[in-house]
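Here you get one chain, nothing else, as structure tokens; it is the form predicted alone.
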């Protein structure tokens, strides 16, 4: 049992000063406060609520409401974070309701969905919140019974003393709010967990499948108008003139105007990525009318910078791969010398295109700006950053801007960049009315913030004894190199060189699920398979030998990974998949990758049917520390695997003179249900380590395992994505 100081984040434990009436500590809007998340729908509402701390309140009947502080983008934190609080509170999960907390940086530490960090960053804070509340309830009961608190125990929301008397949490909640916050509390041992580690249904399931209002697109307000934007058709263009006469005269149209969303003088944040800051806006009474009026606009556009095409940046990236970097990102030993003496050199270049995020729910945001302040509400991964930029653009103090978070129909990094929320605020101020900004699918797919296009060149030096003695990696990408200099196999090879290049572009890019790793895992793990074949070793044995070297005699001191944990998932997936058992007609691929503080290994089986591959099964072994909710964890892994396979095989964004060639799902292919793996089986390493990342680590290895399985099936190594278009591909899925 761990003793921990509660001042870990003392601001997270602010209490209300008065117990009577309880009330909500945090102001909620209609969308998030109409009813708590309760799948069973059978809990009786209490007559009074008592706020114990910023994370929870308890009703006089023992029902507990737990606030989930972070944005919910489908990664299941709205269920998992309250589970952690409930565990340390020692309450029956069946008596818990969950509400989404709005942005409040005084009460909460990190309200951001990104980098697979929500559970990892808040693990201790959430546990302390539950444990602190439990201790305060026990103190209140001890005072009522006039007994030492050390004689009390709790179980499922009930306090029991040595003589067998019991009190429900609701019976002492009113007294608990006036108890001093304890200086330290005891946290449970993992072996005593009753909620953490148990498969638990998503708290919003019923609302999702019955169509109750949860998402930004569900927002409705009295007097609310609908807004849509027209941005330039090509990156590097802006509006020169607008003929809106036809649009203005169409039914239901209130106004047409041009705005600038980030004026000169406003210091942009990292989250303010937006290639199109000058927009033509149509505002009207409903989505259909506004959409038709937008189509009627006659806009003349002018070029302000180079209009790039796919052929141009592909050549520029290829040229960079032939250029030595001014300074290496990492160099161990003497790579040039061992390459000169190598008996054999294995070399391959890998490339990947721009990718759109394509969240199921397109971008949208509600805004109402008055003289008193601004209210924003919608799907956003970075509410604090949105508030900062909006306040600056509107000229308001930050405390006058509120940001509420709805459930999001997908994020994948797209909603880290909140320009659509800023656009909504600027539009609302201009029309002096509440508005909901709605993007069409075409708007979303063509305005940017894509996964960058990347290229990387791998070279391996093999000596006369068939040993790997050196590796060179040179990466290039739009706005950034994809290479992580200190990741595996760095530290496992004596002579190692990494060089990075980047290419400027007016095509806007940003994080896409498992940034950089989503490409590098495919390149790295495909190449290691090729090297394993070149030295005549089994792919898993070869990786384990490298990891053993990194564990027992590492090269350098800047290796980002734990070699033992890395090897652990490879051994587990080998065991569970029966890797060493050969099956007729089954072609296997393996991969293992470390990112977002977690380790994932996958084995993928492909069978050929009618000359086409079918992914029969994927085995997935994961070391992410303690798994809070196995059901949610498996959902994330399965979704990541399907997502990784689909984008590796099919998806791309290409450009002609700055204009995207793809603008909807008829010409941007996503994986179909019939193309998904027939079966996915997930396994977790049980090591008691505090939770690490999970939303992203399952995706990167999938494409690599696919590439290696397709090589086994066809004898062709695929290195250019999407594989279905690759000149090396002799098959299509």
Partner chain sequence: MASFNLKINKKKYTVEADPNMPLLWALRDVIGLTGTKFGCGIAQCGACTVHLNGDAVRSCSLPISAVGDGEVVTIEGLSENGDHPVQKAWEEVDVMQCGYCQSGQIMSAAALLEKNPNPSDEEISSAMNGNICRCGTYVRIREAVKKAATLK
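Numbering follows the first chain given and starts at 1. What you see is a predicted model; the values in this text were computed from it and never measured.
Omitted here: the form predicted together with its partner chain. The next part is about that form.
With the partner removed from view, the residue among 442, 302, 399, 347 that has a non-hydrogen atom within 4.5 Å of its partner chain in the predicted bound form turns out to be 442. With the partner omitted here, the residue from 327, 220, 583, 165 that has a non-hydrogen atom within 4.5 angstroms of its partner chain in the predicted bound form is 220. For the candidate spot formed by 232, 238 and 611, no residue has a non-hydrogen atom within 4.5 angstroms of its partner chain in the predicted bound form. Taking non-hydrogen atoms only, residue 74 approaches its partner chain to within 4.5 angstroms in the predicted bound form. In the predicted bound form, none of the heavy atoms of residue 245 sits within 4.5 Å of a heavy atom of its partner chain. Its partner chain is not shown here, and in the predicted bound form it never comes within 4.5 Å of any heavy atom of residue 196. Among residues of the shown chain, residue 208 is one whose heavy atoms approach its partner chain to within 4.5 Å in the predicted bound form. In summary, the region of this chain contacting its partner chain in the predicted bound form, judged by heavy atoms within 4.5 Å and restricted to 469-477, 254-262, 310-318, 408-416, corresponds to 408-416. In sequence order, 664, 665, 666, 670, 671, 672, 673, 674, 676, 677, 678, 680 are the residues of 661-700 having a heavy atom within 4.5 Å of its partner chain in the predicted bound form; the partner itself is omitted from this view.
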